[in-house]
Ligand SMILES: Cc1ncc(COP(=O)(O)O)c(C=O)c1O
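Take a look at this single chain, the form predicted alone, given in C-alpha cells.
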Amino acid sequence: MTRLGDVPDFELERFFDRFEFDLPYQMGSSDPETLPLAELLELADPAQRRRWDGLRLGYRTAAGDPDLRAAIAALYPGRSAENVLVAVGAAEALLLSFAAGLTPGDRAVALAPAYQSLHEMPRAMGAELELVPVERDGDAWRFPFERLMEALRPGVAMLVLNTPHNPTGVAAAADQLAAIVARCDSAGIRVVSDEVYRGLEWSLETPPSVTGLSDRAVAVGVTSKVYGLAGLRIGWLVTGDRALRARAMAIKDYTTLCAAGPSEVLATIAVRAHATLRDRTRDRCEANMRRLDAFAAARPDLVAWHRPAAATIAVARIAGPLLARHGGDPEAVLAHWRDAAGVVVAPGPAFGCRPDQFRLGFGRADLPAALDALAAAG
C-alpha cells in the first residue's frame, strides 16, 4: 500500500520542470494557446468588469465563489451551484475526489497509459488498482469499451475514468459512456471522471458529463485545457452526491482552504464565455492537425502520427530512420530535438508508453514554427 507521503516522483512534471521554460517550442504541452489578461477582460460584461476592478484581496469562501460555481453548474444540465466545489486546478479536484471517495483496501479500475496522478493518487489512498489498457492499432488508438465493461465487477469501489483521454486522445462515445455509468451504478461503483478535455472532440459528438448520468458520479473540470487559461489554476468537481462533496470540502480545509480571488473572478469571466473560448481552441487545434498531417506525410523519416478522436494531445512515434540515426536511442532523439531545434515533447515513459513514443500537443500558436525547426534539425 502506498502512503501519500511515499508517492513516487511525478515523472512528467519533473521533466517539464527541467525543460518547459527554457526552450522556445513546447510541443509536449497539453494546454492550448493562452490569451493576454486584457483580452480576457474584454469578454467581461460591465458588472464583471466592475467586480474585477473593485476586487479586494482577502480570503475567499472554501467552496468557491458563488458566481463561479453558478457559471460552472450551467455547463452541467441538472446541476446547481450546490453541486460544485472549486479547487486549485484539476490536480486538487482529483485528489479531493479520491480522498473523499476511497478507503484503504478498496479496489479501483483505471485506464492505462495515463497522466500519473490518476494512478498514484488512488494508490496513495490505499486502493488496489486494476489497469485496463487503451487499445492500440499501429499508431491509432481505440477506447477499450469491452475490456472496461468486463472489469466493472461487483466489489470494485471506483472507476477512474479519463475521457477524452490523456495522452492518447481517445474518447468514449455517448452510448458507451451511458453503458459504463449504468454498469457502475448497478454494481455499486463510483465513477470519478477526468473530463478536462470535454468539448474538444474531433471525430464524435460531445457526450454528456458523467454527473448528468449518475448522482454518485464525480466530474472534474479545469480552465487550463478548453479555455487555455492554465495560469488561473482553477479546477472543480461536480457531483450530485452531497455527502461526498461535503467530505471533499472538509479535506480541502487542510489543503488549499480556498482559491485565489483574482483567479476566481477571471475564471467566472472565462466560463461564462465558454463557447467563445472553446471555439477559439477548436479552430487552432483543427488548423494544427492539418499541419501535422502534412508534416508527417512529407517527413515520414522523422515522425509518425495518427489524428486523435479528441483533446489537444496525441501519442506520436519517432520514425525508424531517425531512431536509427541516433543508435536506436529514443532519449538521444528527444535530446537532439531540444538541442538542435529548441523543441520539447513529452517522453512516452512518463505516461507508461514505449520509449519511442511521445506526447505531442497541438494547441499552441507556434506549432508551425516548431515543425519548421524539427524539419531543419532532421
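Everything numeric in this text was worked out from a predicted model, so none of it was measured. Counting begins at 1, following the sequence as shown.
Form predicted together with this ligand: not shown, discussed below.
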Legend entry - 4.5 Å heavy atom contact, A91 and this ligand in the model of the complex: yes
Legend entry - this ligand contact in the model of the complex: S224, any heavy atom under 4.5 Å: yes
Inset, instruction - Flag Y197 as yes or no: does it have a non-hydrogen atom within 4.5 angstroms of any non-hydrogen atom of this ligand in the model of the complex? - result: yes
Inset, instruction - State yes or no: in the model of the complex, is some non-hydrogen atom of F143 no more than 4.5 angstroms from a non-hydrogen atom of this ligand? - result: no
Inset, instruction - Would you point out which of 161-169, 276-284, 290-298, 124-132 contains residues with a non-hydrogen atom within 4.5 Å of this ligand in the model of the complex? - result: 161-169
Legend entry - All of Y76, S97 and R216 with a heavy atom within 4.5 Å of this ligand in the model of the complex: no
Inset, instruction - Just give me the single entry in R307, R247, R233, R107 that has a non-hydrogen atom within 4.5 angstroms of this ligand in the model of the complex. - result: R233
Legend entry - Partner contacts for 113-133, taking this ligand in the model of the complex and a 4.5 Å heavy atom cut-off: Y115
